[in-house]
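Given next, in structure tokens, is a single chain: the form predicted alone.
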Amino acid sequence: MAKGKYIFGAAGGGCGCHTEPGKSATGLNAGGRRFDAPFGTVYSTNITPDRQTGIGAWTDEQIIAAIRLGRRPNGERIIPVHPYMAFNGMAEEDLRALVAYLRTVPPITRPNQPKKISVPLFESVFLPAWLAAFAVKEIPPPTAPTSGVARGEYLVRAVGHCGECHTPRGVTQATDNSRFMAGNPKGPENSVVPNITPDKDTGLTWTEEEIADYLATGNTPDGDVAGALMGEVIQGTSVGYKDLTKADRLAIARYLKTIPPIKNKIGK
């Protein structure tokens, strides 16, 4: 369970999408956070172990299938606001530990908010076609890497799913992986997401130590402080990036230094 909690913190700062901002103490994992998209509006679901409104009645395998494959026990496809294409790259051992932790969170009875899809035939026609054309899934390793650049790549790509925010999207709303981590002028919740490739003019030029410190504190080398969504994932819900070991934070930093530099100025 301790390992599962650690993975939970590394997965977007405690799977923060499933907890409304400011409600970690009373509504951890109870869902209800709103996400507006070109196809309509969806709300994060209750993933507490409540048996009526959460995932308490799901088996471990059913929870893993939802995390990794985007399928609910009834076969319904999950809208890919949930980043299951990235989570598919998580090692089995980490997924099972994560499930064990999710079962320890206090159950909260809170019915899920119905999604509001504005595009006709979106779920029956357009979404399956989009997934077939654009959904590139990470490949799970037999075991989770434990150190070095391989560990950093695993945490960034599969667990932290950092590319979901930091990689630009095209007109289809699929991530443009030819510009992996090159920033996004209009990211989730209209946030400006910086270029964190090692491009010397428009990207992330901090040292490995500075990157690792930022992930722990939210403090930038020039005295600024992480805000918006990045501030949320650093602080986390029950746990966040701030709770990662220094070895893991340095592994992330070292991996970021190895990705291809891409010139893409974001913001001022």
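Just so it is clear, the structure is predicted and the values come from calculations on it, not from any experiment. We number the residues from 1 along the sequence you see.
Beyond what is shown, the protein has a form predicted in complex with a small molecule; the following relates to that form.
None of 36 to 44, 22 to 30, 51 to 59, 208 to 216 except one has non-hydrogen atoms within 4.5 angstroms of the small molecule in the predicted bound form; the exception is 208 to 216. Every residue of the trio 161, 165 and 256 has some heavy atom no more than 4.5 Å from the small molecule in the predicted bound form. With the partner removed from view, the residue among 90, 102, 196, 85 that has a non-hydrogen atom within 4.5 Å of the small molecule in the predicted bound form turns out to be 196. Proximity of residue 223 to the small molecule in the predicted bound form: non-hydrogen atoms within 4.5 Å are absent; the residue sits far from the partner.
Contact check for residue 67: every heavy atom lies farther than 4.5 Å from the small molecule in the predicted bound form.
Contact annotation: residue 204 falls within 4.5 Å of the small molecule in the predicted bound form, judged by heavy atom distances. At the 4.5 Å threshold, heavy atoms of residue 192 reach the small molecule in the predicted bound form.
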